[in-house]
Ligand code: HEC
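As structure tokens, one chain now follows by itself in the form predicted on its own.
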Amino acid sequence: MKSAVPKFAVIFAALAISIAIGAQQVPEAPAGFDGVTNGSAPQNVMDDASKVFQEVEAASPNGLGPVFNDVSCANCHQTQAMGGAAQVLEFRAGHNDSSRPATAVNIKHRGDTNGSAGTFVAATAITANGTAIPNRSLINQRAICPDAQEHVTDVDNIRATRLSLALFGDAFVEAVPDATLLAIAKSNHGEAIMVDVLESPGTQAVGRFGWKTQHASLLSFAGDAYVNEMGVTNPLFPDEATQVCQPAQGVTQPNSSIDDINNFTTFMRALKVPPRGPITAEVIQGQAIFEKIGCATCHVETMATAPAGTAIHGGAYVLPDAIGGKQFHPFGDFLLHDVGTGDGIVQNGPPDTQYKVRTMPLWGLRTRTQFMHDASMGTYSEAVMKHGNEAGNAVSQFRGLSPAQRQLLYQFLGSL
């Protein structure tokens, strides 16, 4: 007697075939590390925006600092080509307040906090001259003068580092409909957070940029990075982190006009998606193994952007022909998951996000030498084995692979 095929398997197979057929009809997003525009901006406009992206800031007249991590966008985004990632780590801190009720999530993972269970509280950084910078999980590692240098205290015993991310393909990620991300979240139990679109007050969208999915808009992301990574205030983020060593004159407030972050955004929106390496027979076999053991549940291969002409961000951005109606292959879902590697930081989401981080999109993986959100792993096998919790079954499946199967899997990962 033949065994019955489970109904859900038939439905899933039909859905997969439907998606595959639909994907064949959607044009591919252009790929390359060549500095050539994806078509959303003329080449000369992209080149001019790239120059602003690479500009080195100074305390006066640009407004660098008083506390900052680096002096140029390019210093954190330049591997392989301008806009790529770099082995640059930012530092975050905070603590759990045991006087406040602990959530079930905190109790479950309390051993990860190096402290007592409770509600997360962002750090209060102390400058070298004793000035407090409260409610700020980001601890900047540089300052324009010795007195402004930030330090953490023993109270803030949750410490985390985060690896800088590449910007290639983010123009297409920005254009993915919220409904797509929400549907993926429903199917794989990822967490989608609604975040403010800062250039369009009163508008929210599903967050997708940053390790905690802090932003849905690349313009909002640009403004955030400008003030938090370089200390340059702008119309979307007009407030200084501290007044210690703040120049008394010669620097406007905000430090920059909207033009700077608009240029950053133009450059990011003009970047292509990361190109693949050679796709050999072994790579194809490796991808089949990747899918079979469950990695593709969160590392989603293909997404598509909304049609050209679609207005997003409350009408602040209309998708051009070069961005709208394209498919791309991030091998990520841009959602938050607890895979046992969370950094203990609550940033923009609810308390349950403390031990969640955004799924790392695997496109461009071959351009990195360190893996995971904190750069703590140096090989593909280490990175896989680091996973747990939601990814526990996939890791168990990985352990059961033969050496030959693992090598095929690694060849696939090395093609991304």
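Nothing here was measured: the structure is a model prediction, and the numbers come from that model. In this text, residue numbers run from 1 along the sequence as written.
A second form of this protein, the form predicted together with the named molecule, is not displayed here; the remarks below concern that form.
Although the partner is absent here, R162 lies within 4.5 Å of the named molecule in the model of the complex, judged by heavy atoms. Using a 4.5 angstroms limit between non-hydrogen atoms, N69 touches the named molecule in the model of the complex. When contacts are judged by a 4.5 Å heavy atom cut-off, F237 does not count as touching the named molecule in the model of the complex. The named molecule is not drawn, but in the model of the complex it has a heavy atom within 4.5 Å of Q214.
Heavy atoms within 4.5 Å of the named molecule in the model of the complex belong, among the stretches 73 to 81, 321 to 329, 152 to 160, 238 to 246, to residues of 73 to 81. Between the options L218, A148, V273, A270, the residue in contact with the named molecule in the model of the complex by a heavy atom within 4.5 angstroms is L218. Site residues F290, V357 and L365 are all in contact with the named molecule in the model of the complex, judged by any heavy atom within 4.5 Å. Counting a residue when any of its non-hydrogen atoms is within 4.5 Å of the named molecule in the model of the complex, the hits in 372 to 406 run M372, H373, A383, V384, H387, E390, A391, A394, F398.
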